[in-house]
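Let's start with one chain on its own, the form predicted alone, as structure tokens.
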Amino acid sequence: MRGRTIVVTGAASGIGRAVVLACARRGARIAALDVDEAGAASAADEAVENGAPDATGVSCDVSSPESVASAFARAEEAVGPVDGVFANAGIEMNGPLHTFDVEQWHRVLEVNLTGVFLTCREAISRLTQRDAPGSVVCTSSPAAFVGFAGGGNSAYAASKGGVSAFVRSAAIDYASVGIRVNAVVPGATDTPMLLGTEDAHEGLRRIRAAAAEQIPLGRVAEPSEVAAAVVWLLSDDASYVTGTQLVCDGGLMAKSANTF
């Protein structure tokens, strides 16, 4: 990835930050985008410490077309034209469907689905203007394909189902110009989103107990493990891969499929 510029949304923490660092170690220039401006700047600083020849942190609200366009312009001015993008920013709000607030529904879709659309539209527009190939990776979820026994997941599942459908369609649209579009499908991963508002100690205990029972590999993923899958999709090692959903979930979906 040396000599390439990679843009990552949701870069301040979790899987996004792990991808920033993994790309940095492979010599990529980094644009770390996040609504948390300080977190984005911190991720960029750490990218340089891990080998990125250049990096910048940029404030970006992926649900805003103006913010996304501005962030890409600032990123390209700082670290050069985009070659790859990881459209990863997302939120999760759960609750029973019959009591779920419509404003929460809209917010989940605005960030998780519209945010992916706006991020990819901006990246692909810039790639096509340069007549350049590129790689786009979006974050989906097992919730796009299977229901969770815990319930209350309708908004998040709908948003991620939309991401997976979007990836398939965009991949076909841009294959002829050398732009690959794929999704990574992470299972339970040790990130702040996994804990939500729970007490860290109690939340981790509960999650690890559930993982040991429900996930075939018996544990949650480390962000670096999911990052390795994303980096592969971004790289030329995946040069014949487009329109796919790369599942990285410890066997969760394979187990779900066996229930039919």
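From a predicted model like this one, the values you see are computed outputs, not experimental measurements. All residue numbers refer to positions in the sequence shown, first residue = 1.
Below, we turn to the form predicted in complex with a small molecule, even though it does not appear here.
Listed residue (191, 42, 70, 235) with a non-hydrogen atom within 4.5 angstroms of the small molecule in the predicted complex: Here the answer is residue option 191.
Give a yes or no for residue 135: in the predicted complex, does one of its heavy atoms lie within 4.5 Å of a heavy atom belonging to the small molecule?
No, residue 135 stays farther than 4.5 Å from the small molecule in the predicted complex.
Taking 4.5 angstroms as the cut-off for heavy atoms, does residue 145 touch the small molecule in the predicted complex? The answer is no: residue 145 has no heavy atom within 4.5 Å of the small molecule.
In the predicted complex, is there a heavy atom of the small molecule that lies within 4.5 Å of any heavy atom of residue 54, even though the partner is absent here?
Residue-level check for residue 54: no, no contact with the small molecule.
| task | Indicate whether residue 19 is a 4.5 Å heavy atom neighbour of the small molecule in the predicted complex. | result | Contact with the small molecule, no.
Q. Pick from 120 to 128, 77 to 85, 107 to 115, 94 to 102: which stretch has a heavy atom within 4.5 Å of the small molecule in the predicted complex?
A. Within 4.5 Å of the partner lies stretch 107 to 115.
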